[in-house]
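For reference, the chain that follows is the form predicted alone, supplied as structure tokens.
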């Protein structure tokens, strides 16, 4: 493990230890938050009982569907927009201000159209994640060195060959950034949508536990989401570092 990784681990352990100590000594009211050790105990008990199996499968399945569609759709639209300069100039201001609009205001409308199914949640996830992939694709293609285009002309490469062999590898770091953002935004959007109106899922389970003043279950579920999100981000970060090393880029 690198020195940065060790420091990061120490910070996380220290934060968890301080929270545990503050809860045990009564500095934080038990009705406000429970100790991390108790969250872990309750979470293990819930997982062992199988009570959360259907909610976990539903939530993570919706996340995978929404993120996969967002990445493919965002990349395709990014290529299309980049290929038509007039469309790019028209859409640039809209893309720049897109995340200033609260996407969740459309969720009740989608529920009225599609009902209490996974379709509104998937659509909200796509709406939250796809634009990040579009922007990343545009940024990546903008930063492709012009010399690569000249190299393609010299070697008489076709448009498809040029895109696959030269432009996409050059834009890859920015595309991967878009993938990471799409995963994060899609995950957040799905959980938040389930929290609002969905009939099932981890977000719904957290909302129900909150309404029932069941702090132990609520914090256990929050811990599950935190662990999953942390592991997912760490895996993507490790992949990014390995990819950077292969490209000969020294990781920060």
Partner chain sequence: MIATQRVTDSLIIVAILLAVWQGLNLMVGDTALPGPAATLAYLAHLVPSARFAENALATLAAFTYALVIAYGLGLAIGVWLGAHHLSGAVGEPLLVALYSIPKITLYPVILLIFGLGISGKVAFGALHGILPVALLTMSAIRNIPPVYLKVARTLHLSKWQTIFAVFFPATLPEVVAGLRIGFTVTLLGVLLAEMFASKRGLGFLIINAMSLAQSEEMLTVAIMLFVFAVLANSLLLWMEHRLHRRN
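Treat the numbers as computed from the prediction; the structure is a model and nothing was measured. Residue numbers count along the first chain shown, from 1. In this text, the rigid core denotes the largest set of C-alpha atoms whose superposition between the two forms falls within 1.5 Å.
We do not show the form predicted together with the partner chain, though everything after this point is about it.
None of the heavy atoms of residue 60 is located within 4.5 Å of the partner chain in the model of the complex. Among heavy atoms of residue 69, none comes within 4.5 Å of the partner chain in the model of the complex. Within 4.5 Å of any heavy atom of the partner chain in the model of the complex lies no heavy atom of residue 176.
Looking at residue 192, you'd find a heavy atom of it within 4.5 angstroms of the partner chain in the model of the complex. Checking 16, 22, 229, 236 for any heavy atom within 4.5 Å of the partner chain in the model of the complex turns up a single hit: 229. Three-residue candidate spot 44, 48 and 117; no residue lies within 4.5 angstroms of the partner chain in the model of the complex by any non-hydrogen atom. Residues of 168-201 lying near the partner chain in the model of the complex, listed in sequence order, are 184, 187, 188, 191, 192, 195, 196, 197, the criterion being any heavy atom within 4.5 Å.
When two forms of a protein are overlaid on their rigid core, residues whose CA moves 2 Å or more are considered shifted, and residue 235 is not one of them between this form and the one not shown.
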